[in-house]
Structures are given as C-alpha cells and as structure tokens.
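Before any questions on binding or motion, here is one chain by itself as structure tokens, the form predicted alone.
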C-alpha cells in the first residue's frame, strides 16, 4: 500500500490488514505505557486545510503513540496567504524531509494531487464530499468489535448523504463485504444517483427495526447553498433518531455517528443511554486504526 487515498481503490486484503493490526494497537492503548518506538525518526505532517477536531487530534495522537514527530500546517498562517500555490508549498515541505502527509481539504482530489507530486506517504483525512477512508475503517473496526463480523450486514445511513464523504467511504467499504447498504434522508440530500453506486434509498421508518447498524450523519450546512430542508424541526420529525424511534430499534442494533452531533435534531440525547450506542467507541478506536494506517505505510516498508 503506497498511500491511503480512498476506500474505493483499497483492497479487501489491505482493509483487513489494517483492522487486524489495529486490534493489537488497541491493546497497547490499554497499557499504562501507551508509547511504542515503531516510528521513531519519522515525521508526519498534519495538513488540515479545513477545520477538524476528532480526526486531526486522533492522527496526532496516533503518530505520537508510535514515537513519530508531528508538524501541523495551518493555511491561515502560511505563505499560501501570500499567494503561494499548494504545489509550491508541498515541494518546500518535502525538502524538509517529511515522511507522511495527512491531508484534509475542501476540494475533492487534493490527496490524489499531492500523491502525484511527493515521495512522502499521503493519507486522505477527508477531501470535500468525496471520501474519508480512515473514518470508514474505524467504523468497520467498531462494528466488527461489537458484532463479530463484517460480512453480510445490513447498514442504514441516515441524513445528509449528498455532502457526506463518510457516507461514500462507508458505502464502498461495506459493499466490499457483501453488505446491504441503505440510505435515508430528505430527497434533496439523497439523490437517486447513489443507487448506481450500490446503495438502496429507503424510508427511515420502514427499515429502522430491520438493520444491524444505524449511522446518523451531520447536516453539513457549511457545504449547502440554498435551502435543503424545510426546518430543523421537520428534519428531526422525519429523519431524526428520536426517543420515540429509539423504542423501535432492537437492543442489538448498533447506533453510530461520526460526529460532531447536532443533538436534538439528528439524534435525541436519550441515544446515549443505550448499551449499543458506540459513538465514543468510534472515537477511541480511531486512534488505534490510524496507528495501524501509519504503521503499514511507514514501518512495513523497512
């Protein structure tokens, strides 16, 4: 594996290697001493060109747990504010002997562009509405930990599918394991074109009690121009994981969200009282999964 740019082109074999290795790193994170010397001497550049909390801190923790050095790049405090292009920035950073670049960008395809112009390993931490591969990996890791398998599951993803890189990466991943993937949400946010990628578009209330996993997504207002939903109240009424709907969801069904959550709209707070709500497990598992990705890209080459 040269880079991790998307799930669509990542093999099942590589996905399983990453998940299996993450199992080992998760055990390391349970130890009093959580640091390994595996990537000592390596430098990981965190190039986040749009805001992030969980993903950026998770990658930074993953790198430091493996003893790599990290450098954070902020476009607002860089020469890009003076007109320097992304390519010029990349070439100058590469001259400083960067080993890996974790990039989040507004424009789809940015990680692929960087990968063509650098010798460093490139990891896509989310590119526009295209993909978010490590989120799909940590979601799969979390599901396997709780349900014991990846194959043949029924996955319902509800919310803003149109703008969601998480939905796309999860769709590509689960289809690789012969799972049924259902999308639900406002018609303005769940275009019929997604059926061509292998998803089935359904009514939430018809499937909420028939699936193994329910994943709610954030309404990405920062990517919306115009009105995509009538109101927050109506969104909650028709597509929210409300306390009323919660009573219809089997106890065995996992409830997930990649965060951040708009509580009271995408989900009611009572969701947190459920044993199989695994939102914080996703966050914790993300560190182990990203340690595994860094390991396979930077340590396995030795």
Ligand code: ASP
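If you're wondering where the values come from, they're calculated on a predicted model, not measured in any experiment. Residue numbers count along the first chain shown, from 1.
Just so it is clear, the following notes concern the form predicted together with aspartic acid (ASP), a form of the same protein that is not shown.
A.B. asks: Heavy atoms within 4.5 Å of aspartic acid (ASP) in the predicted complex: which of the stretches 39-47, 272-280, 61-69, 258-266 has them?
C.D. replies: Of the options, only 258-266 has residues within 4.5 Å of the partner.
A.B. asks: Report yes if any heavy atom of residue 165 sits within 4.5 Å of a heavy atom of aspartic acid (ASP) in the predicted complex; otherwise report no.
C.D. replies: Residue 165: contacts aspartic acid (ASP) in the predicted complex.
A.B. asks: Please tell me whether any heavy atom belonging to residue 94 falls inside 4.5 Å of a heavy atom of aspartic acid (ASP), as the geometry stands in the predicted complex.
C.D. replies: No - in the predicted complex, heavy atoms of residue 94 and aspartic acid (ASP) never come within 4.5 Å of each other.
A.B. asks: Can you work out whether residue 104 and aspartic acid (ASP) are in contact in the predicted complex, taking contact to mean some heavy atom pair no more than 4.5 Å apart?
C.D. replies: Residue 104: contacts aspartic acid (ASP) in the predicted complex.
A.B. asks: Should residue 130 be classed as touching aspartic acid (ASP) in the predicted complex when contacts are defined as heavy atoms within 4.5 Å?
C.D. replies: No.
A.B. asks: Among 176, 218, 146, 154, which has any heavy atom within 4.5 Å of aspartic acid (ASP) in the predicted complex?
C.D. replies: Of the listed residues, the single hit is 218.
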